[in-house]
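Quick heads-up: it's one chain on its own, the form predicted alone, in structure tokens.
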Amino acid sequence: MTEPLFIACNLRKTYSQGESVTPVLQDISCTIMPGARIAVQGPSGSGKSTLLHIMAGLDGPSSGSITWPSFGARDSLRPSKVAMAFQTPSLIAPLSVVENIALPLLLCGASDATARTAALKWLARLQLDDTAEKLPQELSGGQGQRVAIARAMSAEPALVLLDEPTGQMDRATAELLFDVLLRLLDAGEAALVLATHDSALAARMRDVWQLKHGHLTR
């Protein structure tokens, strides 16, 4: 795969409330290639989450253009091409942990048995084996974040977007998670974009993008 995964040209995003207009992203142009390792940093409110949501096709720009040359139409992105783990785990409460992780695979047409096997494999990779049959409300914050990452990875997407994925983890758990995650991603061409306040994790990426007052610098 040599085509870009994502391209933004002169991207702007604003939010309106009544007569008030708040600019969030301003004149952003960027490209994500296969195998990219990108950390997006910036103060709270700088637009990091908004940018990732647009990359995932969950939100659209107010002006400018966004395309996914390698993937095609925006409505075909998830869950097999682009996957995102949010700041909060956003797990489905009535489903067990293993069922939450298996869900993207089921949506891609996998059988129940295949989806469950893959989900259990991801739980083992992230040292969460003992949580398989628990419900989301029985997890700690850090466990919930790891389960959300396992769910995002389960369909083996080509573009992985993680929004502050270690905010509720201790340092040792966060480092272990990224040891595993980077090793698995480095075995293929999947790209990783990470929004984080954690400078130590950002330093493990090949590129660091800075967002400040809605402007992106590299």
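Being a predicted model, the structure only gives us computed values, none of them experimental. Residue numbers run from 1 along the displayed sequence.
Beyond what is shown, the protein has a form predicted together with a small molecule; the following relates to that form.
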Legend entry - Heavy atom distance at most 4.5 Å to the small molecule in the predicted complex, all of Ser44, Gly47 and Gln87: yes
Legend entry - Heavy atom of Leu11 within 4.5 Å of the small molecule in the predicted complex: no
Legend entry - Any non-hydrogen atom of Arg204 within 4.5 angstroms of the small molecule in the predicted complex: no
Legend entry - Segment that reaches the small molecule in the predicted complex - one of 63-71, 149-157, 48-56, 181-189, heavy atoms within 4.5 Å: 48-56
